[in-house]
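In the form predicted on its own, a lone chain appears below as structure tokens.
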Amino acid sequence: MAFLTPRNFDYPAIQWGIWRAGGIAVPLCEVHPVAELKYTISDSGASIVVSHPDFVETLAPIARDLNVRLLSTEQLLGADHRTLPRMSPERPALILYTSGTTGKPKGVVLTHANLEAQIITLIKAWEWHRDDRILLVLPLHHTHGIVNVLCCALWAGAVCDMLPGFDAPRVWQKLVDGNITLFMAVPTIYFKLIGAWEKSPPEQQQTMSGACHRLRLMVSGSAALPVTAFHRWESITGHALLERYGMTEIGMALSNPLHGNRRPGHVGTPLPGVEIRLVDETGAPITSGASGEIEVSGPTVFKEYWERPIETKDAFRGPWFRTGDVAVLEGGSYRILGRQSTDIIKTGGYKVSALEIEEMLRTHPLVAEVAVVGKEDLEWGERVCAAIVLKEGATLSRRELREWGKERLAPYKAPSKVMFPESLPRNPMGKVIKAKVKDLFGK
């Protein structure tokens, strides 16, 4: 059953209702265009679409085209009590669609056992308890908002305070009003909160910063957190953001410690019950300090890609899920170097990390955002290309950037092509879509 509701009480009522009735829940994204909604409903084979009244006008034509039954949340939430079936933990519970940043979105099938393992892992690692109150500002079609925030809160008996969407002033006001003990967000949200703080008068800044001291934990994930943002947030709030690493297919796998030193630019160590290894291009485990692909095993790992047996088989090496992410183990903590397909650039015989170059470029005082990609090239294999969003009112020439970069980047890491767009293409979770960044540089 596919469903679309605002971020309010209707969402957990419908999702848990689908589960208790023995169904598989397919949450839809409220900001997706019609074509993407239709793709998700069709690909998942949903037999019923549940819609809040706010979205009926959008979903009704799709349901007619696909010959799928459409029900309103009002109908379901007002229905009589029924006898509900008993369910096996191995029954599929949720189909979440990948972001589609590297291809057509695939449906990730998570069983009730997978979800239970993911939730218990985070409850233990981050010490959730019933006195917690978390502010939810994330979309509810993605594991970050659904599992890390909503499911963990409900499992712990805590309070989940939902906002209908992200609005920086409103989030700051919620933090100032008190009672919030936990906050989890993506780097884009932290950037916007920093921007709102910087535009506030000094007296208000002091109030906003003081409010964050009452929180016990603030977490960043779903994309790499720039080291500059880590330090800036810490200077504003006193919080060293807890960075972690996970995927739709595996839940959370690595995390900085709840208690102890959190290293900026690193994602910590394996969470309870999660097995991690790094492998080389042949699949052999890496025992030295070299980089390698992250492979994950354990009860949190998903069941399959929905109706894609070949892709499912290719995604595993025995019991190990092949994440496609490259990392290195440094001083006992993992550092993500990027996606094999988009963030590891092979240029002139070298392998370079796009994330490493992005981190350096962000230290330029005029740079607000940056995305680095590899563009195919006959001579170099790939050329390092950088799309840079400048701070408001700033100007920077390519020559000035090259001169600045000479002292900070090896010649083979320095971008050979640079452009200055007004913004970077992002998905609803705020993650930069590297394929679209590549398109900015032409064919």
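None of the values given here were measured: they were computed from a predicted structure. The first residue of the sequence shown is number 1, and the count goes up from there.
One more form of this protein, predicted together with ligand AMP, exists but is not displayed; see below.
Peer 1: Though only this chain appears here, would R339 touch ligand AMP in the predicted bound form if you measure heavy atom gaps against 4.5 Å?
Peer 2: Residue-level check for R339: yes, a contact with ligand AMP.
Peer 1: Applying a 4.5 Å heavy atom distance criterion, does A223 contact ligand AMP in the predicted bound form?
Peer 2: Within the cut-off, so yes.
Peer 1: Whether T73 contacts ligand AMP in the predicted bound form should be assessed with a 4.5 Å heavy atom distance threshold; does it?
Peer 2: No - in the predicted bound form, heavy atoms of T73 and ligand AMP never come within 4.5 Å of each other.
Peer 1: V267: heavy atom within 4.5 Å of ligand AMP in the predicted bound form?
Peer 2: Close contact exists here: in the predicted bound form, V267 approaches ligand AMP to within 4.5 Å, heavy atoms only.
Peer 1: In the predicted bound form, which of 111-119, 150-158, 136-144, 296-304 comes within 4.5 Å of ligand AMP (heavy atoms)?
Peer 2: The contacting stretch is 136-144.
Peer 1: Of I236, I276, A229, M247, which residue is found within 4.5 angstroms of ligand AMP in the predicted bound form when only non-hydrogen atoms are counted?
Peer 2: Of I236, I276, A229, M247, the residue with a heavy atom within 4.5 Å of ligand AMP in the predicted bound form is M247.
Peer 1: I have E243, D325 and K431 flagged as a candidate spot, so tell me whether each of them has a non-hydrogen atom within 4.5 Å of ligand AMP in the predicted bound form.
Peer 2: Every residue of the spot touches ligand AMP in the predicted bound form.
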